[in-house]
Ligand code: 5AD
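Quick setup: one chain, the form predicted on its own, written in structure tokens, and binding and motion questions come after.
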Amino acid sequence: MKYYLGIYGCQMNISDAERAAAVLEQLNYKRTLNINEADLILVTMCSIRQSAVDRIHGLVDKFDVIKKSKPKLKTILTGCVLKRDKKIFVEGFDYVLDIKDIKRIPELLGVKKTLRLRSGQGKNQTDYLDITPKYENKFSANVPIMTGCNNFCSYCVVPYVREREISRPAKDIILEIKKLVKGGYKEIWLLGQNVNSYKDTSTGSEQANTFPKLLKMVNNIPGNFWIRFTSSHPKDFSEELIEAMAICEKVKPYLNLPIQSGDDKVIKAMNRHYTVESYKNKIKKLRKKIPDIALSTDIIVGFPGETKTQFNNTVKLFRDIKYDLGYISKYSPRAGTTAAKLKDNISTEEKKRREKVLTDVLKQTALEKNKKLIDTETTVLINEPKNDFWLGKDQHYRTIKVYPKSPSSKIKIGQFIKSKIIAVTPFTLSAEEM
């Protein structure tokens, strides 16, 4: 029996898919990359944007075609699924499951099987995280430390699909990472909808493990590996966390800190609970402690009611902070959110214009910073081979093309390679193996 995995969305969706795949592998299913060969198709869905939901609708049409030749094909939808979407997708999928219910897959498929778990107690929605994943990657692992969100940003559905925040016990996280490092993993991503609000109270409220404490615990695990984390919410980004990042040598100098807008009124309308000034103060403190840190952010352009003046405030913020990377999205209404009740009064053309303006500023500032890196040394974690070079990421999460120093070079995927930067573009650097 073969299964096909359709993964849509963020790193958390990838992590969810890895656990769902582990369940299927325990049922003796083997993965196929050819959807037409599958006896079972499992899709982990993203609900953040309507366009992501529309892609799942497109898959359903494909299922109908495949089922004509394979009438016994089973299809499962899980991941981030709104209640209103569940009612629609039950027509196109055999089963629609909350991600926390993936342990029910054997039951739904009519298989009597007790799943192997790490320490599952069945008490809350983090219980499914006790399934040991079938990791997609052999050297970089996604490790969820919490699930859910309490923030209710006005444009976001995550609190409705993930429910409220619940943190995993630190001992379970440390156990998972120790096994990964022992198995040769070189990069650990700590994941959560808001990692900054991580709080493990399993040891008692007075001894609760906060995110800064967790970082230190992971940093103390023996081995040669990098630590990264996402996502961070500015309102919970504390000085204690900055201090932990600075002293933990395995925590690499890269941070994504989404501001979403450079205007206080728009930020308030987004229900984000910080100001531009407080955000910039945190960046100032961060750069004081970690001068070489690389920064990225998330931005939504064309939020309902965003004036040209308010957008220009975001442009000014980009010029002031000089991000290394930026993830710019054009606002689109998402049913089920507070913002969807607002009039989407900015044209598609204007949203595209604003996106281009910010992208141009980002390219300019990123290129200026990257030019200063020519002839400097960096360590690159190799991700994949290309025709005449290898692609990877360095400690600052910069994309690096590494050219071997000789035809006999023994560069491998998942290997740390010391390199010298020889040329740059705004978002990609070229380097020679040293």
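For clarity, every value in this text was computed on a predicted model and none was experimentally measured. Just count from 1 along the sequence shown to find any residue number.
Although not depicted, the form predicted in complex with the named molecule is the subject of the following passage.
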Only one of 65 to 73, 45 to 53, 375 to 383, 392 to 400 has residues with a heavy atom within 4.5 Å of the named molecule in the predicted bound form, and that stretch is 45 to 53
Should residue 300 be counted as a contact of the named molecule in the predicted bound form, where contact means heavy atoms within 4.5 Å? yes
Item to complete: Tell me, yes or no, whether residue 330 is in contact with the named molecule in the predicted bound form, where a contact means a heavy atom of each within 4.5 Å.
Response: yes
With the cut-off set at 4.5 Å between non-hydrogen atoms, does residue 310 touch the named molecule in the predicted bound form? no
Checklist entry - Going by a heavy atom distance of 4.5 Å, is residue 134 a contact of the named molecule in the predicted bound form? => result no
Of 156, 244, 321, 174, the only residue with a heavy atom within 4.5 Å of the named molecule in the predicted bound form is 156
In this chain shown alone, the residue from 334, 168, 228, 100 with a heavy atom within 4.5 Å of the named molecule in the predicted bound form is 334
Across 78 to 104, the residues having a non-hydrogen atom within 4.5 Å of the named molecule in the predicted bound form turn out to be none
